[in-house]
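Both blocks below hold the same protein chain, though in two forms, and each is given as structure tokens: structure 1 and structure 2.
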Structure 1
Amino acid sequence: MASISANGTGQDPVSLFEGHRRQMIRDRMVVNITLLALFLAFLAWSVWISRFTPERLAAGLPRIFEYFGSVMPSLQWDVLFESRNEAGRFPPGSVGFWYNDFWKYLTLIWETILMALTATLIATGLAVILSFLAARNTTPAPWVGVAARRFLEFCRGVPEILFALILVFAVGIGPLAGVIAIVIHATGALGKLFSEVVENASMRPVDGIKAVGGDWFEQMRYGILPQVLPNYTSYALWRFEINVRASAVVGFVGAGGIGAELSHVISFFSDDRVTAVLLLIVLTVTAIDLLSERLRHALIGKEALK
């Protein structure tokens, strides 16, 4: 056969292949064993530094179950949907008893959603402008692009709740601090995603608008914006889902929404009020996720048809 003489060594192709294969397996073994050793060392170090020892876990686990047992509502079928009795109180074991503060929670959930919505709208507006400044292909000057990218990195690097902590100190307790905190973080996150979309957009329409004598703003408005708008909308909706979660948490440091109540309930009571608030939050978050997912799919579906 030609191939035997062609390789010049006189070996047959099967043993050559086997030799290569053994060598490859050996090489990969060395790398894999090193990675495994690193992984185990990292694991041991983690266990040591966070004092996550089996006996601590063993001591902790029963307490977790005990705690979750104490915060579960005690519902009884026979009185589950009972309304207020003559004394104006719900009987113990009914949903009404469990959700005694229902309207208070609902007001706070409403505030939480409004906070997320306002923050998403403002952050989207800011991110649109910043994304054109930050994208490498549309930035008016290289130093503006670098400055905008660093600024966005800082904004999304610091978590909302940390901004909230600082802002509560600056502007006082209340939802305003939370909204601003979420605006800053979401602007950073959206600005990065948006500028990546812009970097993938076609520059031909921009050339076209430039050639008719349009300035930078007109080049962005007519050349880029129509191309990226569907993606922007989809990202903004997705960010809204995340912001709802965030605005439920910024209240922990006093920045408005349901968080303050949740933190209060968890820290001072260990009864069914904890599950009452948590359940409401989970339902809200899930409902908004579903709604926004529908909208996004409708948007993308419409795009796919075109």
Structure 2
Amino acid sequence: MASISANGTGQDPVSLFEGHRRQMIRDRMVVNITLLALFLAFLAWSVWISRFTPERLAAGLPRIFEYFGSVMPSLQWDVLFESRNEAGRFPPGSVGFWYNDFWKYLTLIWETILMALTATLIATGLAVILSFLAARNTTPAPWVGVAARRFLEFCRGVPEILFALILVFAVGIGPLAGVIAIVIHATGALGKLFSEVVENASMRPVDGIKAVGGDWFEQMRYGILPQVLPNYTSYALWRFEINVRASAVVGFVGAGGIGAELSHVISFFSDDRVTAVLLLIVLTVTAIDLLSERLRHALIGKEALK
């Protein structure tokens, strides 16, 4: 006489488990195929909307090289390093003629760096405060956390250049509009990163401070901040790199920095001065990237980045 299984159905538990496992595999396969089909459909839709076709790329790619060919400097080896002549001008074809406005460009690049540095410092301070309010494990009240997260989403959801356009109209042309625009966007981006770091922090120090009567500010200051400070610093340095590039971009709408000069030479000259400004921007951003990378590694260690 066959024995009745423990589940009362007369079926072997192993057979039940295997059947359940096969069903789970089939369900997962259906979900994966559905998601893949949706992804391919949206990909095809986006390609059709953007007209991202090989024919269009093949037709447009040579124009890029044509443009850069038109703005490349006409350097001549025989006068490459010639100094100013009797009239006080560099001869055409020399490096001096190419970078005739070098000190002007250098001043504007320094202004761009100061804009990015100021914006990063202000945004970091604001993001630190908002991160404690937005993090789900440290927010003083659920509605405060929701409001802080929505505010951060708005700040990072609007591009810096759009903020700069509005602020140029409000406060006038100059670096102030660019700094405020970058502060708003960087606060939203850093606030999200900082809040995620806070949510991964250990709450044991907070519980200890709360047990001895510490208020919310003391819990954040002594329980959370020491844990997250290295990551905060690393993210702030990373954001400084981005803000240098953003400072150059917002200059296109009159918000100060080297971007304003780049917009000027592109609009009115279309000659080798475009290449001169672009080269200085690339070198500046590269140098800052390398320096901040070393600082980040020194602060949190290379092994923490793996």
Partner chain sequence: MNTLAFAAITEADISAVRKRHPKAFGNPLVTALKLGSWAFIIVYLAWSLHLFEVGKLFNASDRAWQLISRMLVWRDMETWQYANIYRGIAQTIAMAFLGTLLGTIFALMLAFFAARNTMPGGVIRHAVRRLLDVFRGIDSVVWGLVFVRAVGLGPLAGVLAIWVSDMGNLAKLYSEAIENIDRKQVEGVRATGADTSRIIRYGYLPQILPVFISLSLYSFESSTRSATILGLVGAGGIGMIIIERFRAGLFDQVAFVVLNVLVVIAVIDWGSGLIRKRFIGERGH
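For residue numbers, the reference is structure 1: its sequence is counted from 1. What you see is a predicted model, and the numbers here were worked out from it, not measured in a lab. We call the rigid core whatever largest set of C-alpha positions still superposes within 1.5 Å between the two forms.
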Discussion item. Tell me which of the two structures is the form predicted together with the partner chain, please.
Written reply: 1
Worksheet item: After superposition on the rigid core, does the Cα atom of Gln23 shift by at least 2 Å between the two structures?
Response: yes
Practice prompt. After aligning on the rigid core, report the distance the C-alpha of Ala44 travels between the two structures, in angstrom.
Written response: 6.9
Worksheet item: Glu66: how big is its Cα shift between the two structures, in Å, with the core superposed?
Response: 3.2
